[in-house]
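One chain comes next, on its own, written out as structure tokens in the form predicted alone.
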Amino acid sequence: MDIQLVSALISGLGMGSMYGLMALGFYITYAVSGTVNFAQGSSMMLGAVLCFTFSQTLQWPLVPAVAMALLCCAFYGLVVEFLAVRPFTRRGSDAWLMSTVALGIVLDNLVMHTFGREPRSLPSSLAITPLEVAGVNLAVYPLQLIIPLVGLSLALVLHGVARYTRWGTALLATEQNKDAARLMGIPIGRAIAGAFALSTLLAGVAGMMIAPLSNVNSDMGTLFGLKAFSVAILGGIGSPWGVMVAGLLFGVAESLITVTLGSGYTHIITFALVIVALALRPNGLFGRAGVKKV
């Protein structure tokens, strides 16, 4: 197989797993509360910017910098739920659709005025020297091999938490029947807030993993957030493994189109393929039509 195609497949799997990770955030909030955080792209940007700030500007060691950045991302998720979602869902309003977008724009602009407009580079020893096999340069960094492993590992951990822990059981109960879960003593409000915190934390992980391979700036999450939402719908937003597989497919398709046809056609063809797929499978590739009792 051509080295260029191998490189495209590896980088595509890496980017796709990050799309899938962010899309899992959409799944979590939708499953638990019936809402989504349209500021997910801003959450991804926040993780990258905070990691850069703590590790490069403040010169913290990497582990504390990453931990604090993720903690701040989770706190941002709580803020999104408290300010942009809860007040509207309590009134039965769908205005959270706009309020989450607005809060993301506010965050983007706050970061632009504090962090600056200039793109920064987040250095990583795993994104300096490309891998070589038998003297052949694969044009792939070690980080691009690690990213899919991290993404799939986090998806497995999330699956285990949902199935085998008390908190995961509470989330599943909330998903299936909120009224019954409330009668069983499950704190619905805390479960929903926790889902938003976990959603933004996953986006923060994606931002920090991608940052060494691209530039860190206040606008970096906009297109990523749009792609992640497309992936969530494509996979079937009610299917966790569906959105993860859709993320991988989207990432690989994106890389292969870029290599074969050029970057000018990447977004045209990938989003056109999403439209065609949804026209054939309106509930997503792995989604199921909802059943309503009448």
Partner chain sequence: MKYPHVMLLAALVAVAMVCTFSLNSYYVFVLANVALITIVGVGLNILLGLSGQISFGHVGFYAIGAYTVAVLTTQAGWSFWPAWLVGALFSGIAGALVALPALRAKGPYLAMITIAFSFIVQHAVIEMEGVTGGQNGIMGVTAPVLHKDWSPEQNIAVLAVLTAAAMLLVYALISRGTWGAAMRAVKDSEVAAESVGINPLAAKTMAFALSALMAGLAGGLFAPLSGFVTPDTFSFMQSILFVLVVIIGGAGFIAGPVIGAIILGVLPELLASLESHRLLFFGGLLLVVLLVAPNGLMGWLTAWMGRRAGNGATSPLPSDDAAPVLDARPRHGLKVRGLSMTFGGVKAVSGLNMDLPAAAVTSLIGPNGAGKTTVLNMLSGFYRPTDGGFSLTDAALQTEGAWRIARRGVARTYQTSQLFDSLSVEDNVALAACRGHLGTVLAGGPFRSRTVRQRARALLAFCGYHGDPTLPASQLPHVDRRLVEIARALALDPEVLLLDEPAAGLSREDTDQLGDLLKAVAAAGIAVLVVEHDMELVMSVSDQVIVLDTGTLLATGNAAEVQANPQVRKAYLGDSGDLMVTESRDPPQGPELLGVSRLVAGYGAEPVLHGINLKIRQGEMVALLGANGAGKSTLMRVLSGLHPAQSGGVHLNGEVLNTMPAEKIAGRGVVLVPEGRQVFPELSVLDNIRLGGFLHAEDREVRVQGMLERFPRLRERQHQRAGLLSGGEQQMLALARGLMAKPRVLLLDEPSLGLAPKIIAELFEVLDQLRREDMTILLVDQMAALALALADRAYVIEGGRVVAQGTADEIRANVDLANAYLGNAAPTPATG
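Bear in mind that the values here come from a model prediction, so they are computed numbers and not experimental data. Residue numbers count along the first chain shown, from 1.
Below, we turn to the form predicted in complex with the partner chain, even though it does not appear here.
- Per the 4.5 Å heavy atom criterion, the partner chain in the predicted complex is contacted by stretch 172-180, the sole one of 200-208, 69-77, 149-157, 172-180.
- In the predicted complex, at least one heavy atom of Leu110 sits within 4.5 Å of a heavy atom of the partner chain.
- Proximity of Phe54 to the partner chain in the predicted complex falls outside the 4.5 Å heavy atom cutoff.
- Taking the partner from the other structure, the partner chain in the predicted complex has a heavy atom within 4.5 Å of a heavy atom of Leu226.
- When contacts are judged by a 4.5 Å heavy atom cut-off, Phe38 counts as touching the partner chain in the predicted complex.
- Applying a 4.5 Å heavy atom cutoff to the partner chain in the predicted complex picks out Arg91, Ser93, Ala95, Leu97, Met98, Ser99, Val101, Ala102, Leu103, Ile105, Val106, Asn109, Leu110, Met112, His113, Arg117 from 90-122, in order along the sequence.
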